[in-house]
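Next comes just one chain, in structure tokens: the form predicted on its own.
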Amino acid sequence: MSEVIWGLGTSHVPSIGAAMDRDLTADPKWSPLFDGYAPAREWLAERTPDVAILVYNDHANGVDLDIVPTFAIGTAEQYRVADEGYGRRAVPDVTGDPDLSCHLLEHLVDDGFDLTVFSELDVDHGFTVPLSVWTPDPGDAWPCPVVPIMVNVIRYPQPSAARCYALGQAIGRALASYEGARTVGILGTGGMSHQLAGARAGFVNPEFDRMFLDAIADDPQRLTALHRDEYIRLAGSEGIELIMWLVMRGAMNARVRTVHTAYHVPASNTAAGLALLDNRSAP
């Protein structure tokens, strides 16, 4: 069986990747954010899994907006970094794990989750920025193969927080019967509170964000009880991305240990957060 050894919840703000690509991490405007990542990066560098699962949303770069699956999985050998209109990020393409993807697909369908399947897929900042948060200097390749799980958070009705948590639990059950990897890391991405358009453009809610960072480890049921309308009201129209962290959390044990959290406002027009959870040392 495969063991989830850690979970990483992190924002995927595009400007975080741009700041890294332009060597601005020591700039006074950016250093508080990147200083907050340092303890998590140090811990993760010593615990590279055999494979990772990354839960994210596409921003109409890899998939046309005419097709927005509620849940989807990539089954490719390789995922190209998408050109989002200003050239591809100078980071490696992503090596996939088709064997694990197909195992997850079969077990998730049998468990009641009818995923859309992408045998070809370009991945945008929603995918590459979390990888950069994890591994700032990947060189020619990311630390391990990565399986993409895509969630609709951009077109109404988005899946409920409870449904995302249940998907994570189903992923955990599927991994328990997988023999192809010994250790797995799982990333939930998006958020924190932000709204990019409309009358509340620029909205950030630090009180909600800090509650979420605490509850994701110790009381995820509090987060699954929130309706999508409450996520939008409390965290902004794009803050609903936080439901993807619940897929990550659902794949982990009921009790986990928080290794590190970080929170910074603003990263671009957005609150940015990180929560690193150890799934192995839970009491």
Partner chain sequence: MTTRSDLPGTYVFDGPSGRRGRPLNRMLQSLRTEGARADFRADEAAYCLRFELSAEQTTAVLERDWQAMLDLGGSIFYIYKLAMMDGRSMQYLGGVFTGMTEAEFTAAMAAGGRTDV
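Positions refer to the first chain, counted from 1. It should be emphasised that the depicted structure is a prediction, and the values quoted were computed from it without experimental measurement.
We do not show the form predicted in complex with its partner chain, though everything after this point is about it.
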- Task: Indicate whether its partner chain has at least one heavy atom within 4.5 Å of a heavy atom of Thr270 in the predicted bound form.
- Result: yes
- Query: Looking in the predicted bound form, any heavy atom of Glu46 within 4.5 Å of its partner chain?
  - Reply: no
- Task: Evaluate Asp93 for contact with its partner chain in the predicted bound form, applying a 4.5 angstroms cut-off between non-hydrogen atoms, and reply yes or no.
- Result: no
- Does the 4.5 Å heavy atom contact test between Asp83 and its partner chain in the predicted bound form come out positive? yes
- Message: Looking at 204 to 212, 138 to 146, 102 to 110, 167 to 175, which stretch has residues with any non-hydrogen atom within 4.5 Å of its partner chain in the predicted bound form?
- Response: 204 to 212
- Item | Proximity to its partner chain in the predicted bound form, single hit among Thr258, Asn61, Thr224, Thr70 (heavy atom within 4.5 Å) | Asn61
- Would you kindly say which of Leu115, Leu196, Ala76, Ala162 lies with a heavy atom within 4.5 Å of its partner chain in the predicted bound form? Leu196
- Task: Given its partner chain in the predicted bound form, answer whether the residues Asp66, Arg155 and Ile232 all have a heavy atom inside 4.5 Å of it.
- Result: yes
